[in-house]
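Next up: just one chain, as structure tokens, the form predicted on its own.
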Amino acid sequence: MTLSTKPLSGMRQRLPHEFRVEKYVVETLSLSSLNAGFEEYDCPLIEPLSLFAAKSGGELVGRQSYNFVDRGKREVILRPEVTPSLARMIAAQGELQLPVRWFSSPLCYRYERPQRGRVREFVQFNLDILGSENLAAELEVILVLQDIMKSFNAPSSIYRIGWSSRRFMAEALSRCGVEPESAPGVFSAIDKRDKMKEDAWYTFLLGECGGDSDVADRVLSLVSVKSPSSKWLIDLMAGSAAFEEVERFNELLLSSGIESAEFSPGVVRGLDYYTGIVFELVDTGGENNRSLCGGGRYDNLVGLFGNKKISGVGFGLGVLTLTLFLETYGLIPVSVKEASAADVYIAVSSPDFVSSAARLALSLRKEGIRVMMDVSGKKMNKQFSEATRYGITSVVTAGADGAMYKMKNIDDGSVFTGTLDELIGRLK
């Protein structure tokens, strides 16, 4: 039997140049989080299935997850996301100084059809604040999200942070005439709006509204509203505390100067545990109109583990989806895409000089200089070609210990000759 050279469908593998870009994206995300006072954490790859069945939603657990019975006869799941795990970790900590501000970049797994930007094994960046019920927590995570986009030099013209509120939308749907038993289906239909053609979507919505076109038309009007100051919306939501929260948050965003945030009632998020403000980061540049990131307020997750009631707010961002966005608009720096593997290449002209080349490599590495030493034993012209292949422009030819060192710049052909100290100074 001949083994396949391909990975399983949807499973990730990264060649060095691809991994370099992914690492740059993850490190930039982490730096923005650290700059805002967040701390990094990690959680188990495998969790009890019940943890996710409780709050992530039936579709995610039942149809999109990798779950199985392990050798201990336990029903387990490869984490499809980390928020339930985070809630479990917080609940287990006993007395915590709240609020906590944590972030992570774990591998996650979802069994869905692989396509551009959507695979089965992926890195998902997550950032959360737990232990604050103040709207300032929502404001802070959106501030970090906007700072992330600015750190990638993404102009505000190619992305938008759409936001709404699950609490507000639940009440608004009821005032539009949606029956309680139909609300989950209508929420699901609203979440799918951007993924379907308008006519097909309206037909789908109509079915979820029990075939009542008046109700469906009011829901359509609701999700089409562009501002909390809409007279139609104000009349619909008169006396609503949930709508007053929406108005307060809108004022917070405006007064804080977050120009990329935009009120959008169609943002409801597909996961069942969201309870308050929700938001999505969307590509609006015209190349790939899709969601890059989503998140919101979840009030009840930690309470699943006992009497401890801790509210949380956060978001999850697919690193692959963000990377494709950055590549589409030319936002990956050339210095990352074409980075060299080392600062200097040591060419070895003879087997007699291998040990002296090794000692030179050690001396340079101690000084923080990245060194690639030839291990091929090929002819000198082949070694210079090898350096070029790795993007290394400086090549030192190893000689006897104590000798002067000769370094050639492949780009311009210039040659430098000097002692070890002079070579180190030159490379630094």
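Throughout, we count residues from 1 along the sequence that is shown. By rigid core we mean the largest C-alpha set that fits within 1.5 Å across both forms. Because the structure is predicted, anything quoted here is derived from the model rather than measured.
Keep in mind that the form predicted in complex with the RNA is not shown, yet the notes after this line are about it.
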- [ ] With the RNA left out of view, choose which of 308, 192, 88, 175 has a non-hydrogen atom within 4.5 angstroms of it in the model of the complex.
- [x] 192
- [ ] Consider the chain as shown here, without its partner, and state which of 110, 101, 297, 167 has a heavy atom within 4.5 Å of the RNA in the model of the complex.
- [x] 110
Open item on the list: in the model of the complex, does every one of 119, 124 and 378 come within 4.5 Å of the RNA, counting any heavy atom?
Closed with: yes
Task: Contact of residue 227 with the RNA in the model of the complex (heavy atom, 4.5 Å) - done: no
TODO: Although the RNA is absent from this view, report whether residue 115 comes within 4.5 Å of it in the model of the complex, heavy atoms only.
DONE: yes
- [ ] Using a 4.5 Å heavy atom cut-off, state whether residue 35 contacts the RNA in the model of the complex.
- [x] no
Open item on the list: Is residue 210 near the RNA? Define near as a heavy atom within 4.5 Å, in the model of the complex.
Closed with: no
- [ ] Heavy atoms, 4.5 Å, the RNA in the model of the complex: which of 314-322, 88-96, 352-360, 328-336 makes the cut? Say which one.
- [x] 314-322
Open item on the list: Taking 2 Å as the cut-off, check whether the CA of residue 163 shifts that much or more between this form and the one not shown after a rigid core fit.
Closed with: no
Task: residue 208 C-alpha moves between this form and the one not shown by 2 Å or more, core aligned - done: yes
